[in-house]
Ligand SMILES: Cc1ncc(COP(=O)(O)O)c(C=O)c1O
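The chain below stands alone and is given in structure tokens; this is the form predicted alone.
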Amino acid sequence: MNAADVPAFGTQLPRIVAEPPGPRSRAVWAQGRECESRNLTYGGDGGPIIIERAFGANVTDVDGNVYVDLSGFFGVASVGHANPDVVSAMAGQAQRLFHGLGDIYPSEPRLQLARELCRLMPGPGPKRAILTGSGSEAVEVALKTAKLATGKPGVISFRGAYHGLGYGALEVTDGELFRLPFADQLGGFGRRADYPYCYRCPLALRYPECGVACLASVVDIVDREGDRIGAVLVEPILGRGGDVPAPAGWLAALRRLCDARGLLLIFDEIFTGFGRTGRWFACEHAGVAPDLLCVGKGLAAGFPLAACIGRSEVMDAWPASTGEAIHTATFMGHPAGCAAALACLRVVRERRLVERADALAPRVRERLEGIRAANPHRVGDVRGAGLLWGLEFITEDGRPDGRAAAAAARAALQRGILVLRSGPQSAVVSLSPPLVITEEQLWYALGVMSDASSA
């Protein structure tokens, strides 16, 4: 299938011609799975669908099924899959200069993107940026920056956090699944505090009457180990941890605590940045600016590119280059990727996608709250902002129910809707569609989710 055959491809509703996973998907999976690590793709439930093409908010598999994508492929496809402006900019740059020379000779797109990211980062004053190839690396740049700027190795992160799987990022990522096999290789500089997961408050309190009491766990760590702690790293909205927004008051109190104790505040907005939540960055909902900001995913709409941006007085803790950089990479500031990112940011701005996500949010919440109200013993919580939402599935006694969430995701797939799962026991159905999804596609997909949640 191509756009010429189906002019509306990208804005279509689902069309299922072979029950997923179809015979072609099964055959391709059978042929290819022996060549990859068995750790990579789950092979149960008949195996995965094999994706062939994606455009706008549509995805096709090798069996000819057409899906509406509510995942954004981990939120990456912010301006839609294969956005023509992004593809054109990347192809044009590839014809001129496809690959750069790392930290030796910069390309113009690299310097343009650094300037644009510094302009976009919340907070006053000059900024600096380091471009990276992945969100995990951007986090590791932030960790290194914090050490250089404060002289202290310790970093507080939070339960439920996901910051990547490189060894530095893994130290501040939560969850035994990721950490336990490699625990004896980790650096030990991370400390874990309670995240304000209000639906499952660890203190059994209710916001805002609680007075953000869960912040006490951060204070306790700083009181015990203040001579070692230099920074606090947090997602304003937990992504893989279950699409859990931190209350605005909690983020503001965390900012005040960091200022009072001389700690750097690092926001991981790799998932939430560039319009996903109805603001350029999720922290803007709380009116709080970080010292360091990690971004990625939606930055280049599919090209592997990320960055750590920070206040100049913090970033200038890095030594000036004398011909050798102490943090760099062969593909750092990839020219084609930077051109893609610049085009992506232009599309977000020109199509007013930040404002669109914000405008759609109340209606999305209303639809999802309707699903919860119709299934009070199956769907326990609805939360999110902009076009990032989570439906937490529960057992009758209120525990996270990963099996129910998996069943809902499978039922949605059978009717042509792609969703992912997140959170405790993978009990949260996570919705992060392309910001260009049509209203027809969005409301149809949420109708399918309503049926799938009641199955």
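The structure displayed is predicted, hence computed values, not measured ones. Residue numbers run from 1 along the displayed sequence.
Another form exists, predicted together with the ligand; not displayed. Remarks below refer to it.
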With the partner left out here, check for me: in the predicted bound form, does some heavy atom of E235 sit within 4.5 Å of the ligand? yes
Would you check, heavy atoms only and a 4.5 Å threshold, whether H285 touches the ligand in the predicted bound form? no
Indicate whether N83 is a 4.5 Å heavy atom neighbour of the ligand in the predicted bound form. no
With the partner left out here, check for me: in the predicted bound form, does some heavy atom of G135 sit within 4.5 Å of the ligand? yes
Report the stretch among 332-340, 371-379, 97-105, 163-171 that approaches the ligand in the predicted bound form to within 4.5 Å, counting heavy atoms only. 163-171
Within 4.5 Å of the ligand in the predicted bound form, heavy atoms considered, which of R311, R383, R110, R240? R240
Of L292, I270, L131, V79, the only residue with a heavy atom within 4.5 Å of the ligand in the predicted bound form is I270
Going through 289-312 from first to last, which residues have a non-hydrogen atom within 4.5 Å of the ligand in the predicted bound form? K297
